[in-house]
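Presented as structure tokens, the chain that follows is alone, the form predicted on its own.
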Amino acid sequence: MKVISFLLFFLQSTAFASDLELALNWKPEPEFGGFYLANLKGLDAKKGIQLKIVPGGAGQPVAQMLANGKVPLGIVSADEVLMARDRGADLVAIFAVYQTSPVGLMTHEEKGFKSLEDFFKSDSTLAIQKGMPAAVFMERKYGYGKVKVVPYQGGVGGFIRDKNFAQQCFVTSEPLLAKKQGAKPKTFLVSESGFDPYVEVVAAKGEFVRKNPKLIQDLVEIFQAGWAAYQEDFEETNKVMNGLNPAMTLEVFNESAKVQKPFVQPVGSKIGTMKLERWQKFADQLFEMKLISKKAKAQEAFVSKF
């Protein structure tokens, strides 16, 4: 039985080494640009890997797909890694696109809010996923007060129609879409209030990571090279992604790629790398917010040596 199990794992690992699926948690957009560029330019093929990028959408259960072995690689958030591990799933992060979290709130400039604290004292309507860690953090820190909370449905339609409406966003995306439709959005980063996890994280099952160190190193190098190239020249790759996701105009694709640059590589940082102190702080925050049931050993949740 052990021989058969080893053989099955070996065959699975060998297949993955030549043909690897990367499941996205959203549609093709600039937040995935470096992965698409690496694939388009054959950076993966030079390492003997064929990276197959699988677009996602609202509600795509990537963490569950990884835990169940449906895909070898997937895009999740750091909180999903830690919460999955808390439930017994051995997920491990190997690469983080955003070194600074772009998660924020989008309000109307006309409202005159100066800070998140200022906003949460208002009688605005806020569209947000209440259970997501950033929302829990803000509720604990500021309280919702008179703010009316409604479910987040995606898009910017509600924001365009109602000046009293605010919503969660990636500051690299939705505000650009709102501007194109005539609104004047003002954004506030949740990271500036003390909650700054890694976002757009590539993760895999821990067993796969531990048994394929050379493959993981190759993947990290591919991703780093892809993102470095995308930071410098994104237009060709954006045209390809725009063909896959025409709902976002090519103009917004290019604007978003420019806006996200400092989030991907802040001054003094290396693309894709992660630090233990950041992971541990975030894990401690999740425990304090009761989003995980026990204190986590953050060093087990990610690969740091690359």
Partner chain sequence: MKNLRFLPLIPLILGLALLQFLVNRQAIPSYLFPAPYQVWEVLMTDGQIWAALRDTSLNACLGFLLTLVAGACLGTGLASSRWIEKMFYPYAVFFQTVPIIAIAPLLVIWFGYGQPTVIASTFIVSVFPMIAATLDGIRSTDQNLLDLFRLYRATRLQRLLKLQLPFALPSILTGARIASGLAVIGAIVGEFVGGGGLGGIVDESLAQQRVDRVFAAVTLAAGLGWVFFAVLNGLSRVLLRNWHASQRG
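Positions refer to the first chain, counted from 1. As the structure is a prediction and not an experimental result, all values here were calculated from the model.
The form predicted together with its partner chain is left out here; the points below concern that form.
Contact here is defined as any heavy atom lying within 4.5 Å of its partner chain in the model of the complex, and by that definition not a single one of L40, Q168 and L189 is a contact residue. Between the options I216, A178, V136, A229, the residue in contact with its partner chain in the model of the complex by a heavy atom within 4.5 angstroms is V136. Site annotation in the model of the complex: the residue of A296, L20, L291, L24 reaching within 4.5 Å of its partner chain with a heavy atom is L291. Its partner chain is not drawn, but in the model of the complex it has no heavy atom within 4.5 Å of N245. Proximity of S115 to its partner chain in the model of the complex: non-hydrogen atoms within 4.5 Å are absent; the residue sits far from the partner. Shown alone here, A63 lies within 4.5 Å of its partner chain in the model of the complex, counting heavy atoms only. The closest non-hydrogen atom of R161 lies within 4.5 Å of its partner chain in the model of the complex. Residues with any non-hydrogen atom within 4.5 angstroms of its partner chain in the model of the complex fall in just one of 82-90, 178-186, 216-224, 100-108: 82-90. Contacts with its partner chain in the model of the complex, taken as any heavy atom within 4.5 Å, map to no residue of 217-251.
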